[in-house]
Structure formats: structure tokens, C-alpha cells
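Below you'll find only one chain, the form predicted on its own, shown as C-alpha cells.
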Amino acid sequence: MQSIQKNIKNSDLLLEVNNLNVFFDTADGKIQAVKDVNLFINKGECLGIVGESGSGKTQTFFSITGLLSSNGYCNGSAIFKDFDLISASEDKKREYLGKSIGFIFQDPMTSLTPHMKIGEQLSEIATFHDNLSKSEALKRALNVLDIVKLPKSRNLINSYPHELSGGMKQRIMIAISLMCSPELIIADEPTTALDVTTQSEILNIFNDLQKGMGISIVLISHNIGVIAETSDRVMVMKGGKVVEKGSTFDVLTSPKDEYTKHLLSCIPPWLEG
């Protein structure tokens, strides 16, 4: 009976990370940036990762997705659908990264390739992973623009990044992550460089992706107010360690760690209600 219950409990598990440690070799010696992190993500849920700059939240997911800098390395396991992303070869990882797992980088102003048209940047990932022709990939790109609430116009896909606003660039970054129908999207500080109105619009898109399309989302932020608006569960990090985790409601209403309490004290009173 316990075995059956365990299988039912884990049937929605998409990603499970165990005993993750991340290190960097520096001129001052080895530095440990992430220390024994354990986490899981279920299908169709949003996990919020919150903490100050340098807390290890971004490096946790850089290590899982093979994006660490050349002086970084990690150990532990990151099982995505029975496949260990950490121990796998780079070729094997590429079968998943950018296809089943999308990554949205922190700064939309610098993450897009400046000399490539938007249509080319959207379609190249589909030609690589799904072997689509350029015309097929461009047709898919136009459809994806609808999802991120951008016009399906020839003017847009023939534009260069410098011709777009910050909010439009962030939508393009989300669209790129959607081009191969991912099961998981990792978004690193997706609202940091945006004004408040545009932040709200971007968060609404993430809510639509999760609730309307069943995509699992990891939302990394230093802003616990952003996490409060979007996440089903939250994990709080400080100094490379997880100091608290649980349902968003439980963590926000009954925080146990002093650092979490400090983060919550930074939320405007109108948002706490």
C-alpha cells in the first residue's frame, strides 16, 4: 500500500534536485556558492526562489542547466524525467536544454543578439531542436508571439533588438523559451529592469503559461512581492543555503527564519493584505 501511495505521490514530479553543491575556483582559492540544496518541482506548478544578490539562487539553476562559468563545477543530482542533468554529457544535455527546459536570462536588454533580427532569433532554436525549415520555424514564431501578447507583424520579426522597448524584449525572451513547447521554464529575475506596469503584464503571462498551458515555472527573484503574486511554493536562500521552504501561503503568513521575516518586512503593507 505504501509503495502505491509513493508512486501516486511522485507521479507529477518533473525535476528533483538532491545534495547540490556548486564551487568556483578563484585566485583566492575554492569558493562554495551553493551548499547542499534539495528541491523539487511538480508538473504545472510555479516554484519561487527568493534571496538577495549572492545568495546562490541563480547559480543553483545555472549548474543544473550547464550554464556555469568555466571556473565553476558542481556535484549532486538533478533528475529531470528520470534523466540526470548534472552527470550527463554536454551532447545529451542539449537534447533537453532549450527544448524541454527553457531559460529566460536576467537582462532582456543584453540577452538578445544585437545584430540578428527578432524573427531569426525566435526561429533558430526550432530549426536546431525540431529540424524545422526556416519558413516553418518562422510560422511557429508568429504563433508564439500571440502567447506573449505581441503583434504577429512582419515589422516586429524584421526588427532588431535595439528597436524594441524593454517590455517587448522581455516578451521576446519568453517567446524564445516557448519555441519548442517546454515542460519547464526557468526565469531569472524576469521583471528586474522593467517598470511596475510592465512587470505586472509579464507576471500575468507567466500565470497564463502555468495555468493555461500547464508549464512548470521556476521564478528566481530578490523580490518576495513578485514571488507572492505567482508562486505555489517558495524556497528562500541565503549564503548559498536554503533557509526556509514551503507553500507560499505558509511561508508568507508564518515565516520561521529571521531572514525570511526580514524579506517580508520589505513588502509594502498593501501587498501583504
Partner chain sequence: MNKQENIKAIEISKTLKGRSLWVDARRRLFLNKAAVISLFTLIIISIVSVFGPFFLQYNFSDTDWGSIYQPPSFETGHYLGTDGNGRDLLVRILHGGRLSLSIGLIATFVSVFIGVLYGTIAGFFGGKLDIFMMRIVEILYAMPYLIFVIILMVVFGRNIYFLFIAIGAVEWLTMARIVRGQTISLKEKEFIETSKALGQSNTLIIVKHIIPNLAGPIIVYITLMVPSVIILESFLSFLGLGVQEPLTSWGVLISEGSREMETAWWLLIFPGSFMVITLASLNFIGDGLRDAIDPKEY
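Not measured: the values here are computed from a predicted model. Throughout, rigid core stands for the largest set of C-alpha atoms superposing within 1.5 Å between the two forms. Residue numbers count along the first chain shown, from 1.
FYI, the form predicted in complex with its partner chain isn't displayed, but the following is about it.
> Can you tell me whether T26 touches its partner chain? I mean in the predicted complex, with a 4.5 angstroms heavy atom cut-off.
T26: contacts its partner chain in the predicted complex.
> Wondering, does K139 line up within 4.5 Å of its partner chain in the predicted complex on heavy atoms?
Result no; K139 lies far from its partner chain in the predicted complex.
> Just to confirm, K81 within 4.5 Å of its partner chain in the predicted complex by heavy atoms?
Heavy-atom contact with its partner chain at 4.5 Å: absent for K81.
> Is N71 part of the interface with its partner chain in the predicted complex - any heavy atom within 4.5 Å?
Heavy-atom contact with its partner chain at 4.5 Å: present for N71.
> If you look in the predicted complex, which residues in 95 to 115 sit within 4.5 Å of its partner chain (heavy atoms)?
Read in sequence order, the lone residue that approaches its partner chain (within 4.5 Å, in the predicted complex) is H115.
> With both forms fit on the core, is the shift of the CA atom of L164 between the shown form and the other one 2 Å or larger?
Where the cores coincide, L164 still shows a C-alpha shift between the shown form and the other one that is 2 Å or more.
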